[in-house]
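Take a look at this single chain in structure tokens; it is the form predicted on its own.
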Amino acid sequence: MADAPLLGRLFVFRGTLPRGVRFGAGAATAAAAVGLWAAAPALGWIAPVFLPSPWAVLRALWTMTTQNGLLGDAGISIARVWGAFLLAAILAVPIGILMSSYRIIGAALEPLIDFIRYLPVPALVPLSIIWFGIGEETKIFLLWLGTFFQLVLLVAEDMKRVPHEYFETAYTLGAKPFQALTSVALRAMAPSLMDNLRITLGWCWTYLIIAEIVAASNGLGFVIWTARRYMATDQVMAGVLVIGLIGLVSDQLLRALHRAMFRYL
């Protein structure tokens, strides 16, 4: 393999890549995307009012950060997203495990969960306001709604993938059902559960704009929605850029935690 052409070594089915190569590939793709973005308004492909240049967005980002309190809005949005996500995870993990562990619970809950998870969250905004008013409860509820029902089914699938032989071995060694759950099932499903939590955290961020247009006076969603009214596209894209950067950092931190916790994978 060492004597194979470089291109052949890079395109090995399910092969491994050195960390430097992975970083370089990602950096090259990001640079190409930024270059295409800069070229589009500069060459007249798209009017700057619809797609401002990267430099205009960075200037807007600097102004919003130094003069308009963007960091405070970012902190508020982070608190809302993580609050809703943790609430969803605390409820979804045990419910998903029970649905997969006891057929009767799965049969009772899965049709309802399947129905609700297909409902578009924006369509439920009026009901959310009627139920919870226009305070923080509505924003947290909308973020939770976009995460909880998806996560329940992912957790149930994680539990279902634990081989039955693991339980049989545990029972043979004298384990009780609760011991088999905590010492066998949870440890076996932990890597995939961690991945699903990371993915659903990303989903939670995608509902931020919807949650923060409900009578909000702060948060990144509010900033973006307000800038939209005045066709301040550079500010809109600056807000979107901040959300993307926060999501990227969160995702990489959770990936690093996953690698640290499950070094055997």
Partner chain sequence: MPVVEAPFNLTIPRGQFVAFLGPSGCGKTTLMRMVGGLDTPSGGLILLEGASVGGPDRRRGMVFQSYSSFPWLTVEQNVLFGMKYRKDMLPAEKRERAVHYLKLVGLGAFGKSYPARISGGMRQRVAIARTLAAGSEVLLMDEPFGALDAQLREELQVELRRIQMEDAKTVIFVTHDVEEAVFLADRVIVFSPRPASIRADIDITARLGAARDLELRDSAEFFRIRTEILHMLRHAPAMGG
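Remember, it's a predicted structure, so these values are computed and weren't measured experimentally. Positions refer to the first chain, counted from 1.
What comes next is about the form predicted in complex with the partner chain, which is not displayed.
Quick one: find which of 169 to 177, 146 to 154, 81 to 89, 118 to 126 has residues within 4.5 Å of the partner chain in the predicted complex by heavy atom distance.
-> Going by heavy atoms within 4.5 Å, the stretch is 169 to 177.
Find the only residue in V184, V93, A74, M99 having a heavy atom within 4.5 Å of the partner chain in the predicted complex.
-> By the 4.5 Å criterion, the partner-contacting residue is V184.
Give a yes or no for E137: in the predicted complex, does one of its heavy atoms lie within 4.5 Å of a heavy atom belonging to the partner chain?
-> Answer no; every heavy atom of E137 is more than 4.5 Å from the partner chain in the predicted complex.
Heavy atom of A188 within 4.5 Å of the partner chain in the predicted complex | Looking in the predicted complex, residue contacts with the partner chain include A188, since a heavy atom lies within 4.5 Å.
Non-hydrogen atom contact E165 with the partner chain in the predicted complex at 4.5 angstroms | E165: contacts the partner chain in the predicted complex.
Since the partner is left out here, which residues of 247 to 264 would have a heavy atom within 4.5 Å of the partner chain in the predicted complex?
-> Read in sequence order, the residues that approach the partner chain (within 4.5 Å, in the predicted complex) are R263, Y264.
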